[in-house]
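In structure tokens, one chain follows: the form predicted on its own.
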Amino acid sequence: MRPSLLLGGVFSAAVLASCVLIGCGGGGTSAIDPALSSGNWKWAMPFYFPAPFVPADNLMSEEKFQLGRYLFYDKKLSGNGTTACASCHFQNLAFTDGKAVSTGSTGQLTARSAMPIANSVYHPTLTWARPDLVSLEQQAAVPIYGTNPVEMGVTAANEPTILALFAANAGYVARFKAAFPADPAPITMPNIIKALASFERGVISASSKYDLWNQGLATLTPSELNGLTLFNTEKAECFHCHAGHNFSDQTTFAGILPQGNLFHNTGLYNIDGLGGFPAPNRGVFETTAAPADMGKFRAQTLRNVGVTAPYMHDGSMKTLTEVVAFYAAGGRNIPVGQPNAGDGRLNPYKDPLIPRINLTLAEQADLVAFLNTLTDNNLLTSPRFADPAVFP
């Protein structure tokens, strides 16, 4: 067994146990339970990826995935016809948009940066800090209908017009019928949301240099190997919050028992000396109003992190070198006179897993080198995930 499979201790043991239960072999792709899909859908992933959880009322099918892909890239799915899901999720940037915050259909800015969608089938909660948002169907409705901020701008008033546009398109009529064959009138917003969720579930990132190395198909450089070793040890502490096949301590899959979902205050801010974060970006606190939830956010997956700059929930860090240095320092100290000044290292709500870490600059560079091995060029270029207007 390669050492990377030991990431996260007990968690990875659960992942591997899941692989045994679903018949994974010692290499290649896994044998996924056919009950998790319908029609001609097939999962393609390495042996150490566990079977994804799929809700019984929205089973996977190739037809539904392809409908979701068309909808994901279609600007008709917005109140004014100017914005698609893909407007904030670019394939070549691992389905982020390269901005600190995104711009909605009316020009309103979001409070947080666009998150990548790859491997979102494994996320038990969605977005940066919503413990109550627990399915991709729920999440898809947020940008579609949300009013604070407005993203897609769909409302009760313009929804009939939007649906009529799809109903007037012969290609969409056929795709909806194929995706929802038992529904006599399938062009509905609930079905649009199901199709979008199915597309997102099907976007799997598992072909990075790290994955190839994990399967004995690539070689890591000495710097990358040292970064991997640092990542997995108490020296750098990374594995505590970025464990398992998806490099996040929030992970779900078929057969796993419900777990408490973790959110972390990393010491990014301390604007009042009492632990405060700048509104409206105060993490889980925005949902619960519990003081202990101030500044708590989900540990993002590190897959494709090399192409998803800028970093953190508000895009306030530009490079991976800056991010690694931030964690090595045990938080961020913003000097007096600068916006949001305060010593995050002293934030009283900071997670105990974020101490000051004694890493040399060379060791920090090795960590960055390892993180860059998590970039999956297949994800960034595959026609399967691309705009169908470009790749029919």
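From 1 onward, residues are counted along the sequence shown. Remember, predicted model here, so these are calculated numbers, not experimental data.
This next part talks about the form predicted together with ligand HEC, which is not shown.
Taking the partner from elsewhere, every residue among 72, 152 and 327 has a non-hydrogen atom within 4.5 angstroms of ligand HEC in the model of the complex. Contact annotation: residue 354 falls within 4.5 Å of ligand HEC in the model of the complex, judged by heavy atom distances. Using a 4.5 Å cutoff between non-hydrogen atoms, residue 371 counts as a contact of ligand HEC in the model of the complex.
In the model of the complex, ligand HEC sits beyond 4.5 Å of every heavy atom of residue 228. Residue contact with ligand HEC in the model of the complex: residue 116 places a heavy atom within 4.5 Å of it. When ligand HEC is considered in the model of the complex, only one residue from 284, 238, 203, 94 comes within 4.5 Å through any heavy atom, namely 238.
Shown without its partner, this chain lists 294, 179, 243, 312 as candidates; in the model of the complex, only 312 has a non-hydrogen atom within 4.5 angstroms of ligand HEC. Contact annotation: ligand HEC lies within 4.5 Å of heavy atoms from the stretch 99-107 in the model of the complex, the single such stretch among 284-292, 209-217, 162-170, 99-107.
Shown here without ligand HEC, the chain has 297, 298, 299, 300, 302, 305, 308, 311, 312, 313, 320, 323 in 294-323 lying with a heavy atom within 4.5 Å of that partner in the model of the complex.
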